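Only one chain comes next, encoded as structure tokens, the form predicted on its own.
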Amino acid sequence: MKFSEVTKSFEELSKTTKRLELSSILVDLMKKSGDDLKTLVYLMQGKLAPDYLGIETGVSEKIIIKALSSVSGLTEGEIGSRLVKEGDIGELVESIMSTKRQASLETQELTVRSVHESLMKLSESKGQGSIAMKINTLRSIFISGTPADSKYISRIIEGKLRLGIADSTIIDALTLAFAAKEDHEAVDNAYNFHPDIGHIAELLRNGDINAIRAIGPEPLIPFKVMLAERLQDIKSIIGKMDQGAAFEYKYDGLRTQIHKSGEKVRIFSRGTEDVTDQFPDIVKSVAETFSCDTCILDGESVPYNPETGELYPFQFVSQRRGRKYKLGEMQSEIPITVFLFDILYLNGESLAGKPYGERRSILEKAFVEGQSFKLARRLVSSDEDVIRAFFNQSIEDGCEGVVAKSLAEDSIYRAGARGWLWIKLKKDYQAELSDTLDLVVVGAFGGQGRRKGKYGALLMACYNQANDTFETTCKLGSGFTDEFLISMSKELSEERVESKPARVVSKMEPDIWLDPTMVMEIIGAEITVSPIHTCAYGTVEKESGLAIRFPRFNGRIRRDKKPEDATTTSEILEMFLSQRKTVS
């Protein structure tokens, strides 16, 4: 498939924010892609392969600028100055290639396959001579393709296509293109257990829906972890779980999935990132603790004080993330205990379809507790006073609260899904006017006074799962230190876009629109009805949404969460309704 056909479709996608139009364009492109479908859907994601393989091009903006300079005749300084002003490397490449392109006889028409192969070579190139090789490869791409081709290839290299489509949009389009409407849930479930969009695309193109339906947890393939809804009091939780519930401590750590297959052990984050190398102590302990041939475990990695046994907060374990050096020191200074609360696979058998109670029983028999691995502390009860005492004890023990888990027969493990099978109750909800939410930054407002020249406030949004959009719910301007404002403004400037992103639903117009990528944790006074915000718009009152009153940043950027993992519209609506019942 010619890459120019992809570019044409990308241009059409960039000009619409209508979901049906986005889907139609994607479906048409997929249907005519032929054998290139698998590669095409990776490029649509702005990637070369699934996240868990950790394949990146290793190309910086500096290398793109050098390649662009060699093609255009402009100096690197001139290109760098223009990039500072214009912001988007893709737009800059297109603009320069449109006016400064040098002719060459050594060109070859770009195809989806040739572009992917070239970018894969960039990712594999290491050591001496690799920078020169990368510059020459990019130079060849820029000369061979159209200016628009070069724009999108540059964006793919950066992993930021800015087309307003997410993984869920691509999955929806694949289902429409190659399956029946009734297969949608099966395709979603398959992708949540096997988040390799190219693999799913190939099965669908071959019409192998039975293989899609058979996909479940598989050792060494990360899955999208099951998530919890939230309620603000114990009575409401008991009412939701009328077939009985177990209450587990909600630990403040790093959500961790551990895979064992023979002697191989891999550790993945909640976002399916391979973090094995950052936790060699856990890898070593797996072999010492679990005698099974294969297993998949779900839990929370929590740092602790080895002298007192006290649990440290999340920030301590996050210091391990991305670290390449001094890991030995970190293991001694910040040892880890993994509190396990679920098991999805054991000795060749998937357990995901079994009820929670049965999975917990299997987990309890699968290992003997030690310092490295423990069972999440649990209570089975329907007595409010007993549960409240357990909740208070969890706070005393350094946890965030509790997670209630249904004991009903249908309490299967639903990968990637939120639902009322799991409900969390955090200490923040117990304060009369304090809620903690994970919201996505979608826009920024210029600062005044001391904040002049930096972002003064941010437009924050929740995630609407029903239609894959981000709906605004507050303007955040409190809780920032001067140092944080400087670093945040610099980081977010890389997400700047010229117009409102396709997936953002907003009535407000910030000074700067930003791609919805950063998740921040905030505290709010209460949830109120608002005519200017779009969260749950029209649900509570006509022509009004829901807003967080007096929002304040609590200092935590949730780099472990993707924007689709943010607090959902339905969660905020449920919290508002619970809040209103309490007040009345």
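Residue positions are given as counts along the sequence shown, with the first one as 1. None of these values were measured; they are calculated from a predicted model.
The next section is about a form of this same protein that is not shown, the form predicted in complex with adenosine-5'-triphosphate (ATP).
Taking non-hydrogen atoms only, R558 approaches adenosine-5'-triphosphate (ATP) to within 4.5 angstroms in the model of the complex. Contact annotation for K424: at least one heavy atom lies within 4.5 Å of adenosine-5'-triphosphate (ATP) in the model of the complex. At a distance threshold of 4.5 angstroms between non-hydrogen atoms, Y249 is in contact with adenosine-5'-triphosphate (ATP) in the model of the complex. adenosine-5'-triphosphate (ATP) in the model of the complex comes within 4.5 Å of a heavy atom belonging to K405.
Only one of 212-220, 259-267, 414-422, 198-206 lies within 4.5 Å of adenosine-5'-triphosphate (ATP) in the model of the complex by heavy atoms, and it is 414-422. Relative to adenosine-5'-triphosphate (ATP) in the model of the complex, residues F341, A376 and E400 are all within 4.5 Å by at least one heavy atom. The partner is absent here, but in the model of the complex a heavy atom of A228, alone among A352, A228, A457, I387, sits within 4.5 Å of adenosine-5'-triphosphate (ATP). Think of it this way: in the model of the complex, adenosine-5'-triphosphate (ATP) has a heavy atom of just one of K160, H194, R255, K475 within 4.5 Å, and the residue is R255.
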